[in-house]
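What follows is a single chain, given as structure tokens, in the form predicted alone.
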């Protein structure tokens, strides 16, 4: 049975993350966007919240176990603060969570303790490829077994924080299935290329990369002989991104609602105008609908049901919803929505990115 009541621990976590988003992320969103970088102090304070260690078992240095519902709850609050900064903060998750969920015992013992320390680990993942209609289940990057090693060849794009990374989790096609491989940044053939300038979320630095005859030991295959089930990892990513889309949309809706209440035209607040009131009502309905879809998918995942379809539908719906809501916020503000004095233009640009970011967030 579904329950819409948070546990006391979840409520405490959500409140803590909301305060962090309100006091650390919101005041910095324009600065981070203009500078195309994330202030280190704010990211460090976010890391100190212990969001990732809370999803890692205590035997590896963490203090919890993974819950998609709990992650969805706090991700909404993070994205309400700022999407770009949140994606920067969550980048180590792209490496650590797949290891936590699918890694062998040796891989967990080797890598997970580093993600439970006070420092911000320099690890990321490379999954998206520079191809038309990218499909994570049909990668062009290949991994071929050669004795006791795998040889990786291919190109990736939108690789977060690649320039400073020490470890990569590289997804590749191995005999028709998508598998993941742990690749040190200093391995011969690993090349970080130019930075990609996205339309929004400029606080997250993403790069093109190439892998040319990169050799890694067979022990670096995630999950060992068992490997991974990529659909399960994509389900986690889709739930995460859909939850963040809800947070971004909520931020835009709240700002537009407050503006409509305060903006007076022809002697009354514009919120009294039927066209504006109906638009705001539709925005609220769409946000609530998407949130319920996210929670359903997360609930199924946590209860070991097949959440693939539910997560895919939630992500597809969220992609459209966040673009419609952020665009609606710009419309509510009229001419003011198009100028940088107000954040809704930034939120619209961020909203357009969600359809592109498959695999770029995981929590």
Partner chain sequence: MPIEFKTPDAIEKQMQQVHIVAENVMRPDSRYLDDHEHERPVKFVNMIWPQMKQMEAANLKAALSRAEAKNGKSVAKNGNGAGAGKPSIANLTLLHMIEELSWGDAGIYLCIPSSALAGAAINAVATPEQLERFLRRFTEGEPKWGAMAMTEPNAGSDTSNIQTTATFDEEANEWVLNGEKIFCTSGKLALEESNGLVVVWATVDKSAGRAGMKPFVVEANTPGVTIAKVEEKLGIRASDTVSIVLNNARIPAENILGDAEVRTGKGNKGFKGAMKTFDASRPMVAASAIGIGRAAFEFTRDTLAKQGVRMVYNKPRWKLTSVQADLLEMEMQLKAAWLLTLEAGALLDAKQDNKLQSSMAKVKAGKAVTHITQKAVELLGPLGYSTELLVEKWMRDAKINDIFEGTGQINTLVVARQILGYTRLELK
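Numbering follows the first chain given and starts at 1. These numbers come from a predicted model, not from an experiment.
There is also a form predicted in complex with the partner chain; it is not shown, and the following applies to it.
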Q: Could you confirm whether residue 44 comes within 4.5 Å of the partner chain in the predicted bound form, counting heavy atoms only?
A: no
Q. If you check in the predicted bound form, is residue 206 within 4.5 Å of the partner chain, heavy atoms only?
A. no
Q: May I ask you to check whether residue 330 falls inside a 4.5 Å heavy atom distance of the partner chain in the predicted bound form?
A: no
Q. Looking in the predicted bound form, any heavy atom of residue 164 within 4.5 Å of the partner chain?
A. no
Q. The partner chain in the predicted bound form: within 4.5 Å of a heavy atom of each of 274, 288 and 299?
A. yes
Q.
Please identify, from 195 to 203, 126 to 134, 109 to 117, 91 to 99, the stretch that has a heavy atom within 4.5 Å of the partner chain in the predicted bound form.
A. 126 to 134
Q: Would you mind picking the one in 142, 231, 210, 213 that has a heavy atom within 4.5 Å of the partner chain in the predicted bound form?
A: 231
Q | Residues of 280 to 302 having any heavy atom within 4.5 Å of the partner chain in the predicted bound form, listed in sequence order | A | 280, 281, 282, 284, 285, 286, 288, 289, 292, 293, 295, 296, 299
